[in-house]
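Taking the form predicted on its own, here's one chain by itself in structure tokens.
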Amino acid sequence: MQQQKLGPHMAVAVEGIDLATATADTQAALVDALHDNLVLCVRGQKLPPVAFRDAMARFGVPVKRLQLASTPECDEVNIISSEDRDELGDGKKLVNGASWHTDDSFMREPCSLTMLYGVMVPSRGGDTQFTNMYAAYEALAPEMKARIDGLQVVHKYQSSRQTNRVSRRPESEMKAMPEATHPLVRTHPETGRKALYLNANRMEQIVGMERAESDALLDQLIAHAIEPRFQYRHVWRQGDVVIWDNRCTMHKANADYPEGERRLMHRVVVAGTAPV
């Protein structure tokens, strides 16, 4: 299994393996590479939806997510397409994940990992950006760490602070997604490292803090966390499977590909636990 570092402080690419038939030793090496690098790209895959789901199940338990369309073959495999629209709202096009976020933070038990498979990629553009939330936390001044350790933040599917449109959901589904309260600094359950836990599109307010002060602090931390020194930008190749750890990263999608070209991704998320 050949590994190639992609960024100076995060992300690694692996070639020469088939995720559908990976041995136990190879799978263990992939998990180690993910923990060490936060973002793992496995090149050159050919995975129909069920095979993709089954390969990703080796990293955790795949869970259904109703906020995105699913493939006909497999409910756990979501479709992310340049053709996505807000079907229950105004019908306009959506760019899923267009602002910095970590997946599922509006849920009380957010997913741990996200897996994205490049089924069709444009000739240029459509990159996914990632930022290292371990490094962002570690770079904070001691006074700021002392200020934010122990603070809790309310996250909501439709936050008043949201920075890009999200699809409208049925009322029954919204009732099943009550607001969640998560720590501003979380400890990774497997590595034991601390990371900032932010989501520009879902955070509502810091618990116990006046709104103006809360907004100012959240804005300051987001601006810090997305500084270029913490980032890696993934340029997609068709057949890439990119796996990232939502417990120590944020990411965003870019819709800057040429007009008329299609970008089609399949997505699986695996179960996580309540952040601590």
Ligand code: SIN
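Numbers for residues come from their place in the sequence shown, where the first is 1. Fair warning: this is a prediction, and the values are worked out from it, not measured in the lab.
Another form, the form predicted together with succinic acid (SIN), is not on view; read the next lines as being about it.
- Listed residues Ala180, Val185, Leu116, Val119 were compared with succinic acid (SIN) in the model of the complex; Leu116 is the one with a heavy atom within 4.5 Å.
- Proximity to succinic acid (SIN) in the model of the complex, taken as a non-hydrogen atom within 4.5 angstroms, holds for one residue of Ile80, Ile206, Cys74, Ala136, which is Ile80.
- Heavy atoms within 4.5 Å of succinic acid (SIN) in the model of the complex are found in exactly one of 56-64, 224-232, 246-254, 23-31, that being 246-254.
- The shortest heavy atom separation between Gly97 and succinic acid (SIN) in the model of the complex is within 4.5 Å.
- At a distance threshold of 4.5 angstroms between non-hydrogen atoms, His101 is in contact with succinic acid (SIN) in the model of the complex.
- Heavy atoms of Thr128 reach within 4.5 Å of succinic acid (SIN) in the model of the complex, making it an interface residue.
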